[in-house]
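Starting off, we have a lone chain in the form predicted on its own, written out as structure tokens.
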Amino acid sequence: MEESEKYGLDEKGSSRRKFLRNSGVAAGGVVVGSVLGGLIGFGGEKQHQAPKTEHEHAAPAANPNAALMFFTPDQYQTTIAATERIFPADENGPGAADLNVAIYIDHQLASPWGINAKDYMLGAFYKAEATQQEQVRILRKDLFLLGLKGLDDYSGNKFDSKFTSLEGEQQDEILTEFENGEYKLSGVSSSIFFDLLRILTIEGAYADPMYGGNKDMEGWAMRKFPGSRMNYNNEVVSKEFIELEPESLQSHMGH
């Protein structure tokens, strides 16, 4: 199996993995070997490089948003399958899988948000009223992993197969029962996991691409949303309707 297929990464993600491996850049941002020498030099000596020939071309820019930061490959594939059922591709445009929604979720769970860094997580705990949401004691990253495992466990019990191997209608049936809280996860209702999954799916489809999802701003394009723009000075004075191509936050960097 090709490496890109094994890890669910696109061509750019695969190129980035090969670059990190071949250049000697270790996980965690540690730079070693010839890379370190090229950056700071050894013994104060200037590092010489062979002159470029006319046939040499600059390598394409790697896309760091294509790399997994949190999920295992299996967890990533389950997330792709579940989010695609919530936000499927149709005649209006791509679905969650093509929009890299699972990459967005992966990055969010790997961030301080995934460990509820800014949330109050202590007691006292009370049963929520009908108009209130439950106070969840488990971290978001742990809740999501618990939910993914629950999808596979319940799929195995009901259909004798893991979630990613089910037909779309069967996946919908499992997700509906999770939404209704009919499956009990360890210490938390499956409906709480489903709510988190649904919210993250929508965010991943429409958030700025710099966060990993909304690939090529196609989520915005479906809504004709112009994206992140610094101003609309020219447009507001125009008497004609102006349809703008989407721009991401990355388009303003370096200005």
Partner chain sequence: MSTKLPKVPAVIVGMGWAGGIIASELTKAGIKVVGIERGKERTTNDYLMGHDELRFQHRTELMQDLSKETITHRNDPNMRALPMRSYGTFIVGDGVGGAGSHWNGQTYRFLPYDFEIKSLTEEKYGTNKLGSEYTLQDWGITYDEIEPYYDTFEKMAGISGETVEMYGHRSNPYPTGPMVKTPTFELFEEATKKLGYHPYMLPSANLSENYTNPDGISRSACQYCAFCENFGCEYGAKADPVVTVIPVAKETGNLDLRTHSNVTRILNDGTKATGVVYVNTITGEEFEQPADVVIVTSYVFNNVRLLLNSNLGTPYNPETGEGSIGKNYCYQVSAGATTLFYEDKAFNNYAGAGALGIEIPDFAGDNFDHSDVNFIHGSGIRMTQYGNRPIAINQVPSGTPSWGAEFKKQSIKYANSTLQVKSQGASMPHKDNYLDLDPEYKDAYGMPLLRMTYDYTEQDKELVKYMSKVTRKIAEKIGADHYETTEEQATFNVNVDTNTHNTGGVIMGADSKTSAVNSYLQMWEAENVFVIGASAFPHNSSFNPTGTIGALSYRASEGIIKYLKDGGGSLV
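Positions refer to the first chain, counted from 1. Please read all numbers here as calculations on a predicted model, not as lab measurements. Throughout, rigid core stands for the largest set of C-alpha atoms superposing within 1.5 Å between the two forms.
Although not depicted, the form predicted in complex with the partner chain is the subject of the following passage.
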{"query": "Proximity to the partner chain in the predicted complex, single hit among 185, 80, 175, 148 (heavy atom within 4.5 Å)", "finding": "175"}
{"query": "Residue 222: touches the partner chain in the predicted complex, heavy atom cutoff 4.5 angstroms", "finding": "yes"}
{"query": "4.5 angstroms heavy atom contact with the partner chain in the predicted complex for residue 179", "finding": "yes"}
{"query": "Close approach of residue 110 to the partner chain in the predicted complex, 4.5 Å, heavy atom", "finding": "no"}
{"query": "The partner chain contact at residue 157 in the predicted complex, heavy atom, 4.5 Å", "finding": "no"}
{"query": "Stretch 214-246 - residues with a heavy atom within 4.5 Å of the partner chain in the predicted complex", "finding": "220, 222, 223, 224, 225, 226, 227, 228, 229, 230, 231, 232, 233, 235, 236, 237, 238, 239, 240, 241, 242, 244"}
{"query": "Shift of residue 235 between the shown form and the other one at or above 2 Å (CA, core fit)", "finding": "yes"}
{"query": "Displaced residue check between the shown form and the other one: residue 118, CA, 2 Å or over, core reference", "finding": "no"}
{"query": "Is_shifted residue 131 between the shown form and the other one (CA, 2 Å cut-off, rigid core)", "finding": "yes"}
